[in-house]
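The form predicted alone is given below as one chain in structure tokens.
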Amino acid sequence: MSSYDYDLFVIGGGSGGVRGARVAASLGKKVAIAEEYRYGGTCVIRGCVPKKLFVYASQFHEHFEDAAGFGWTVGESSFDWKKLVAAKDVEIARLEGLYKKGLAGANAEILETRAELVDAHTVRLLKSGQTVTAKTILIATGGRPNPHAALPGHELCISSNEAFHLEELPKSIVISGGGYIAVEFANIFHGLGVETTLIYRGAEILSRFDEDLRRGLHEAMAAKGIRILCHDTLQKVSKGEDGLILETLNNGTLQADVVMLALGRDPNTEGLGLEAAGVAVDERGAVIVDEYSRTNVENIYALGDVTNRVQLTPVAIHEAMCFIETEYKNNPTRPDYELIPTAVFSQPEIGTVGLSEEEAGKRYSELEVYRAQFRPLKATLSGRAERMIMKLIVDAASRKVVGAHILGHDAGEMAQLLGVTLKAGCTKDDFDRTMALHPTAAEELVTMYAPSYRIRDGKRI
């Protein structure tokens, strides 16, 4: 009989932690999981899911406009922010209930409390002050928005967390940042009728994405009326008579009702007791793990955003399943981070898998780049000037497709299926042999027969 209270104690009730706890419990292990806020983690409670619901809401004004081109007459419309927030809250509560139901169904013990490490096998439950022991501990506490504490007036700003619970929809907002969170919320707020400004220190939004898609999205957002200020940063935020006053490095003074900081996320390890347990962290506070998600303390594992590897919900879930294989099935399994499909739910949307043109140029001696830019069929009658971009990056030597990138409607859906294709190692010849499905935007992926250009030794030829 075990001398510990639990076989496994999981700290953090996000997607990765819940998956690890539920599956371990289903294998007959005695499992407890502790969460101090709400079960479901960032993605379900105040991340991917509510954000996507807000994206849908923000698109309707364009749908109403487009309808006229197809013969519809749409009457006067209005938007109620509080109704959207309330409907979102109902759906999030439903999903949280499903997470708890899954845990309970597997006989995992659900604890609604903050949990902190006392030593390598002991956890303190802060709500009751009780301490419990576990043979294995899994840290899955995720990340939190960087508050940018060096910015004077940062306490007057919101993060993506608070954006889901604003009492009123602001008339104007300035969003600081150029990553996918900043870009997505800029499109959301603009679509809901908010005067929106995006300010970013870099030369172009969405670093690490393919340059063509970054530029194409920037142009599309600007055409919609979103003001984008690159090569600039906020220097100070202060209260004014009519909202907030922002001092910028290069664009003078701005005014806004709300300022949102989207300047990255930090691993959520502060005050977790890692030092007491002997768990090593890096300079950003992320838990250091090996290729099997094990920390430097043999019985303690960590996964998800708290390790600052790949900050995506499906990755955390994948890491949890690898943990189960390694710890409980005698099958040491390393997470596979190659060819992860990614989407930016901007407007237009980005879907991508594999290497960008810039990354591939550093890895392969010669590339073939297939690129198509076109007006989607829907836009011909709606009168909208939007353009789709599709790119395939091909290793010239093997003909293997090493990157696929899409800007336009349903790009994320296409990227998910392309993820299977690239993971299977398909070549450009496989694409060419595939019959087109007409009329679709995706058919462009299998009808680009001649390279748009080649890249040799990192240079376009």
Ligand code: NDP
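What you are looking at is a predicted structure, and each value in this text was computed from that prediction instead of being measured. Residue numbers here begin at 1 and follow the sequence given.
The same protein also exists as the form predicted in complex with this ligand; that form is not shown, yet it is the one meant from here on.
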Item checked: this ligand in the predicted complex reached by all of H148, I181 and A262, non-hydrogen atom within 4.5 Å -> yes
Item checked: Partner-proximal stretch of 72-80, 195-203, 366-374, 89-97 relative to this ligand in the predicted complex, 4.5 angstroms, heavy atom -> 195-203
Notebook entry, point to check: So in the predicted complex, does any heavy atom of Q311 sit within 4.5 Å of this ligand?
Noted result: yes
Note to self: So in the predicted complex, is this ligand close enough to K29 to count as touching (4.5 Å, heavy atoms)?
What the structure shows: no
Check: Would T342 count as touching this ligand in the predicted complex under a 4.5 Å heavy atom rule?
Finding: yes
Margin query: When the contact criterion is heavy atoms within 4.5 Å, does K171 count as touching this ligand in the predicted complex?
Written below: no
Checklist line | Heavy atom within 4.5 Å of this ligand in the predicted complex - the one residue of N107, S207, N250, N161 that qualifies | finding: S207
Next item on the list: Select from the listed residues G361, P267, G177, P348 the one whose heavy atoms reach within 4.5 Å of this ligand in the predicted complex.
Entry: G177
